[in-house]
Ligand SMILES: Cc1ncc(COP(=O)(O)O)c(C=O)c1O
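Shown here is one chain on its own, the form predicted alone, set out as structure tokens.
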């Protein structure tokens, strides 16, 4: 983990800058908006931003829980000194149940057979396993059918599994005009209404992901579970992100070569791009080995101006057409994602260019990219 104040960025040829203050700010904005506790979802290495520092920033910003996909992530957070509550939202192997108990990690229960295996491990190893029950309301992924939840919870009463939460996951919360999410909320609330008079409703109820935080206040319940929203990323593709949320990530590189090529000169593999006149071509040390895809029509910022990437993106390098920035020189700072001068390239713009979503862009950022944290 490298902090901006302790490193000379001139020693790097390419790097990511992550603004931890922006993350703290975004957590506080979600709490302000919802009036609820926040479970910061930081799976997949904090959506490529770096799990440990992102978790620390989220907790410092007011998050009381961290949500992860796998118990390995939860255990890594504990080793890093994260003491907040942690929920494993996905599958936990039964053999890891003793670790979950020892390190106060909460697991998800989503079918009876696996839960029985967990019970066997708890009874052998001792202790109490904290758990949240996941309910299937329309996502079609993990989750218990609604009709089996009441008897399931009843059977776990007075067992060494302490069910302290119940949750569901929305399939289309990023589509506020669709009936899908209201219908999921209706099903979930009907279940909660059935559980309450029987004394079976767990203490924590949660459902809202980032898109639901923006679109469906009825789903706030006791906790919200934002992920990309805390990083200043837009969970919707057809609406603007509210302006109070600040992007945390900037991706930069150094210009490592500037040359003038004559007309008719091929650039990069396959000579797909051929100079039409005498052209200034620059090189930056970024390629698909870093997670920058081999896609045509890309742009980066040089001297506060947009310039085109020309020729095929290589594994470790790509080429820039620099005729519009004659002042560009070796050593200049290039921005692939973020702001430079008055220009801004967002993760969402990159995702659209790549034909994907912003989650996939940041989760694909290679481990070899240095991550520098700014506070």
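Just so we're clear, the structure is a prediction, and the values are computed from it rather than from any experiment. Residue numbers count along the first chain shown, from 1.
Keep in mind that the form predicted together with this ligand is missing from the display, and what follows is about it.
Proximity of 136, 187 and 215 to this ligand in the model of the complex is absent: no residue of the three has a non-hydrogen atom within 4.5 angstroms. Checking 209, 268, 299, 275 for any heavy atom within 4.5 Å of this ligand in the model of the complex turns up a single hit: 209. Residue 141 is the only one of 79, 157, 123, 141 with a heavy atom lying within 4.5 Å of this ligand in the model of the complex. Interface residue remark: residue 89 is counted as part of the site for this ligand in the model of the complex, having a heavy atom within 4.5 Å.
For the chain shown alone, residue 287 is not a contact residue for this ligand in the model of the complex, no non-hydrogen atom being within 4.5 angstroms.
Contact check for residue 225: a non-hydrogen atom falls within 4.5 Å of this ligand in the model of the complex. With a 4.5 Å cutoff on heavy atoms, residue 359 counts as touching this ligand in the model of the complex. Proximity to this ligand in the model of the complex, taken as heavy atoms within 4.5 Å, picks out 39-47 from the listed stretches 22-30, 39-47, 328-336, 313-321.
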